[in-house]
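A single chain, nothing else alongside it, follows as structure tokens in the form predicted on its own.
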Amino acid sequence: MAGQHTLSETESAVRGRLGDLELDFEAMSVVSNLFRAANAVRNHLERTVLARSDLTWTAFVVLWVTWIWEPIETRQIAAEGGFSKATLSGVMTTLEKRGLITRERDTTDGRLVIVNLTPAGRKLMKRLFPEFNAQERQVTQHLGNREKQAAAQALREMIRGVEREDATQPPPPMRG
């Protein structure tokens, strides 16, 4: 069957295919639905508010992280945004050409690049973020305040758990 399957179709197919395995289906459902929800919301925000400003999701995240933490090093933007330095470099080049950010070498350590928003970048974020938040309200409109708070807290706990687990793991081997 061509096209995207509904959530119900997917969950039914997974149980049919994997039902004989000893798995934690609730954990799988949480992670799978987290992924599906994140992609659905991201796609919605890109099609609506971000498209009007000719921004991709990654470009918006770079602007957002810079807006909140500026001045900020490129490596911190990559870590906060969860993308590679190569992806970041291309997006920052585009944002710099659009006059939304500046990059400068750190005065004490020339290997580091410091990023700031330009006045145009700050103006864009001040205008854009209320529109972005209006779409956040729309995609959560079916949840009451208690449900929103519970969902946000559950997601925070998942993040903290992964961060604790990652902190105890040795770094992956270098690829070369």
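The first residue of the shown sequence is 1; numbering continues from there. The term rigid core refers to the maximal set of C-alpha atoms that superpose within 1.5 Å between the two forms. Predicted model only: the values in this text are computed from it and were never measured.
Quick note: we don't show the form predicted in complex with a further copy of the same chain, though the next part is all about it.
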message: Can you tell me if residue 27 lies within 4.5 angstroms of a further copy of the same chain in the predicted complex, counting non-hydrogen atoms only?
response: yes
Item to check | Contact flag, residue 113 vs a further copy of the same chain in the predicted complex, heavy atom cut 4.5 Å | outcome: no
Hey, in the predicted complex, is residue 135 touching a further copy of the same chain, heavy atoms inside 4.5 Å?
yes
* Asked: Taking heavy atoms and a 4.5 Å cut-off, does residue 86 contact a further copy of the same chain in the predicted complex?
  -> no
### Message
If I superpose the two forms on their rigid core, does the C-alpha of residue 58 end up displaced by 2 Å or more between the shown form and the other one?
### Response
no
